[in-house]
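In the form predicted alone, a lone chain appears below as structure tokens.
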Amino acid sequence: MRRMTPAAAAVAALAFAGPAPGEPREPPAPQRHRIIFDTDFGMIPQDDAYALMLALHSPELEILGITTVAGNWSIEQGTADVLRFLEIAERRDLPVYAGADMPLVHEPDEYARTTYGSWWSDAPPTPPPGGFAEKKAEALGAVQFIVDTVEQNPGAVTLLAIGPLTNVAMALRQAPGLAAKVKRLVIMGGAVAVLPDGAGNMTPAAEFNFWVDPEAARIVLRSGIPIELSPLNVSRKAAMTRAWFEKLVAADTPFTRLIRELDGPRYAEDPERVVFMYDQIAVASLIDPTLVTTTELYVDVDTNPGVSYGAALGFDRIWPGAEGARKMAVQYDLDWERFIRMFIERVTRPIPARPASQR
């Protein structure tokens, strides 16, 4: 992947970085990643579902388990949805571990209850398409699964976190020294103002995942794990239009039929509809790092109650108040054409057979 420092140089050089659009690139050497897929899952049209769909169709990724966290929906709803999704995918072999049902500190207020997300809800989950799954979540909790898996496989497990970081923060708190045993952490979260397209989507400054649990995000970003951050800056380079959506649903698979049923009416009602792709970018960048352009920044999270609560702050050096911040790769640009073609080609394949070792 391309990396540039400092941040000021990254911004100034955006127009000149890398090959021209459409220019061939050397394909990356295939690499297989053993991952824990940590998600505030929601059924299609939620981006988590599309992201898991891409992961399931990618031989570069070996999913060791799926851990759920409250975010888009309650922990009960997210867990119910992902269990049913795996039945549709014919991947009942993949274990699901329910995780944190609330953030570490953040208490829901009127704004939380009337804006996007229902992480705070204690309402019973509604049935997913086709009804609740026969498949059940594991008895072991998500946090313990993360701790056990990383400690049993030091240096070999990548965490892919596309929801609030509560589970990961709790695992780090529970097991001192765990950070040094994690191979890598890819996070969808934050919006970095020093880079283009850095406004928030939950507040003017804060992205949803970090806003739901800023305290967890701060713990994780300061942990010392090698991190690649996929913030809103790069997500805003990925706009799914109706034309691309039609290409996606032109194939006939169980997934595309589900997409057509659940997401199709939205495009029919609004032909000009454009949907940004968030979690999908994080997954795709793990599969093929050359899809994204990154810069190295120190990134921290504002945990002070107020107008910037949950905001991700990035800079090319440590600043007062951020003495504990760590440097990480921050994505800010995307080869859209290659990404969307890869995404559509993969998720329209027949559902891969369950690995023989897991039958």
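Heads up: residue numbers just count along the shown sequence, starting at 1. No experiment lies behind these values; they were computed from the predicted model shown.
Although it is not shown, the form predicted in complex with a small molecule is what the next lines describe.
- Contact here is defined as any heavy atom lying within 4.5 Å of the small molecule in the predicted complex, and by that definition not a single one of 60, 158 and 288 is a contact residue.
- By the criterion of a heavy atom within 4.5 Å, residue 201 is counted among the residues contacting the small molecule in the predicted complex.
- Mapping the unseen interface onto this chain, residue 255 falls outside it, with no heavy atom inside 4.5 Å of the small molecule in the predicted complex.
- Put simply, residue 279 is close to the small molecule in the predicted complex: some heavy atom of it is within 4.5 Å.
- The closest non-hydrogen atom of residue 293 lies beyond 4.5 Å of the small molecule in the predicted complex.
- Though the small molecule is absent from this view, in the predicted complex it lies within 4.5 Å of a heavy atom of just one residue from 146, 98, 188, 192, which is 188.
- Between the options 162, 234, 221, 284, the residue in contact with the small molecule in the predicted complex by a heavy atom within 4.5 angstroms is 162.
- Comparing 127-135, 239-247, 166-174, 201-209 against the small molecule in the predicted complex, the single stretch with non-hydrogen atoms within 4.5 angstroms of it is 201-209.
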